[in-house]
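Before any questions on binding or motion, here is one chain by itself as structure tokens, the form predicted on its own.
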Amino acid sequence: MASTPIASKIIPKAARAPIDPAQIEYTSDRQRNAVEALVNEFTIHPQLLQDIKTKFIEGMNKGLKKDGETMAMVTSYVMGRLDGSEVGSYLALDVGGTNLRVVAVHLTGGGEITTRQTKYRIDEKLKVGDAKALFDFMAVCVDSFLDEHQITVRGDTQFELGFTFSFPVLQTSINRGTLISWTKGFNAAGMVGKDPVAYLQDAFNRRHIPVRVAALVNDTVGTLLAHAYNHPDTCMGVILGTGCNAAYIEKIENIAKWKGDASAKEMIINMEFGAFDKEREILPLTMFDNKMDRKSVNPNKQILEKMIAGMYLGEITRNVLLNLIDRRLLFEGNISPDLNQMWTFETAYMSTIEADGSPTLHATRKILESTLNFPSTTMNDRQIVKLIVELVGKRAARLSAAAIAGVLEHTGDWKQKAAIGIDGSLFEYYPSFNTDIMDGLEEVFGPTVRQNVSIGLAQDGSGVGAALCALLAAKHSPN
């Protein structure tokens, strides 16, 4: 059992060791021209950053007016703000990436909590198989967790559980909703248009597991709540990991499509911003993005997410490398059988390569030769690979900045003290991702934004945040 303050902090990580395209020793003018074209294609210039932000705000406003728009702008039914004094014991189930996680959370107030948790790997076949089997697996994991930690209830009472379900959902109450679409490599059959809470509760009931799903929580909503537990001025929660999304606090009067209780002044909106620009009007898509999109499990969907999220960055990079190899502009035209396979160039490799500042790019060489099994590489090869990785990674961060800037301008929060909690492996571990985001915000708003807006790692938004949402659900819906 660990006692953990929910606090804003940046986990120490390596900074980017940038490479100057002008310093690369090119083998030919063709190679130099090809690299210069890539630099131009992947660079988000300041004016484009502004234009994307403006288009993003238009998408927000459309989604607030009615359902069915590109950005869903889902009403979360989570109203009011936290002040850090909340207490209680709750369960959280976090589903939305490579692993499933069960967490027991005890809130003691004042930002102090105790947690116990266990991760369970989700088999790839379950992700794309029958939906009932997927939710049965979730219930079995919760049951195993309760046994493992010897957590029991008294009499006929039940555990209250916050269910972090990190996929586009049209929420109809604090613990009801329908799945809009699968993302992040999930595509379980028969689930779109159905209520994930009903599927999970049914799985619990059939196994006589004493758990009630009290709240359906998107991970961005949970991230916002977890950050707000110690930072009452939190205005946004953002996920930058396997997928990407954001939630923010909106005035009820601005949500034209809201037909429910108008007594509260504010509600958290789950934006589902990964779907932004499916019309392909503003985002600078390249042929490498399009190739990856066509081969994905959800072609022509989640366009922004596919340019930002960790699940896709390595594959975009691989596509660029293959193009240069096919044109005999990299590795003398020689291919590694490993690189020929989709998804083999992992985003984790990109982090290592970005941080590689050694004179011979030793870490880059190790990945190319030892991991991806290229027989040999030249310094020229390694420099170009490093530059391509930097282009793809920095573009992702700057597109993230454009989206965050859109929210800050819409709410006006950039003009005052405001905190943004960000969760996800990309933000936490990718070199200079946080710095690139802040630089982008300064380009949009000027230096004042650095004084007003803080960006910090929101620790365990999908676990602690879900527990806090279950607490709010019990508080506002005691029956």
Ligand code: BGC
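Keep in mind the model is a prediction, meaning the values are calculated, not measured. One rule holds for the numbers: they count along the sequence shown, beginning at 1.
The same protein also has a form predicted in complex with beta-D-glucopyranose, omitted here; what follows describes it.
Visitor: Looking at 326 to 334, 219 to 227, 84 to 92, 260 to 268, which stretch has residues with any non-hydrogen atom within 4.5 Å of beta-D-glucopyranose in the predicted bound form?
Guide: Contact-bearing stretch, as computed: 219 to 227.
Visitor: Which listed residue (204, 374, 167, 120) meets the criterion of a heavy atom within 4.5 Å of beta-D-glucopyranose in the predicted bound form?
Guide: Selected option: 167.
Visitor: Could you check which residue among 239, 396, 215, 404 gets a heavy atom within 4.5 Å of beta-D-glucopyranose in the predicted bound form?
Guide: Contact residue from the list: 239.
Visitor: So in the predicted bound form, does any heavy atom of residue 390 sit within 4.5 Å of beta-D-glucopyranose?
Guide: Answer no; every heavy atom of residue 390 is more than 4.5 Å from beta-D-glucopyranose in the predicted bound form.
Visitor: Hey, in the predicted bound form, does residue 244 get a heavy atom within 4.5 angstroms of beta-D-glucopyranose?
Guide: Contact with beta-D-glucopyranose, yes.
Visitor: Examine residue 356 and determine whether its closest non-hydrogen atom to beta-D-glucopyranose in the predicted bound form is within 4.5 angstroms.
Guide: No - in the predicted bound form, heavy atoms of residue 356 and beta-D-glucopyranose never come within 4.5 Å of each other.
Visitor: I'd like to know if residue 183 sits close to beta-D-glucopyranose in the predicted bound form, meaning any non-hydrogen atom pair within 4.5 angstroms.
Guide: The answer is yes: residue 183 has a heavy atom within 4.5 Å of beta-D-glucopyranose.
Visitor: Verify the flagged residues 289, 315 and 317 against beta-D-glucopyranose in the predicted bound form: is each one within 4.5 Å by a non-hydrogen atom?
Guide: None of them does, since no heavy atom lies within 4.5 Å of the partner.
Visitor: Using the arrangement in the predicted bound form, list in sequence order the residues of 296 to 313 with any heavy atom within 4.5 angstroms of beta-D-glucopyranose.
Guide: Heavy-atom contacts to beta-D-glucopyranose in the predicted bound form: 302, 305.
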